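There is one chain below, alone, in structure tokens, taken in the form predicted on its own.
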């Protein structure tokens, strides 16, 4: 049975540290060129190939990333 992941990022709380970007095995996330209300370049999803491993959420120091899995 296969799973598809979905990444939800609280962009207003993200400080744009970028710790999550290199740990994503599917290269689903990257730092945005846009800034949030605090002036940080926040993390955003860049493709829909997420496998739901939650590596990004585990390394996020501020806990702004949630990962969900759904059966496909």
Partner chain sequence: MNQDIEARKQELLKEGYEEVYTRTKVLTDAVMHYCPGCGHGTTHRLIAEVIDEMGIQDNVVGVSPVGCSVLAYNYFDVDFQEAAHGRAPAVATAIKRLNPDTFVFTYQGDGDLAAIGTAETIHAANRGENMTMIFVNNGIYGMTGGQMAPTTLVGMRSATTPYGRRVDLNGYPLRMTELLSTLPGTYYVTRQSVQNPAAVRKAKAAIRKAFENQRR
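Keep in mind the model is a prediction, meaning the values are calculated, not measured. Residue numbers count along the first chain shown, from 1.
What comes next is about the form predicted in complex with the partner chain, which does not appear here.
Judged against the partner chain in the predicted bound form with a 4.5 angstroms heavy atom cut-off, the residues 21, 27 and 32 are out of contact without exception. Taking the partner from the other structure, the partner chain in the predicted bound form has a heavy atom within 4.5 Å of a heavy atom of residue 40. In sequence order, 52, 53, 54, 55, 57, 58, 59, 60, 61, 62, 63, 65, 66, 67, 68, 69, 70 are the residues of 47-72 having a heavy atom within 4.5 Å of the partner chain in the predicted bound form; the partner itself is omitted from this view.
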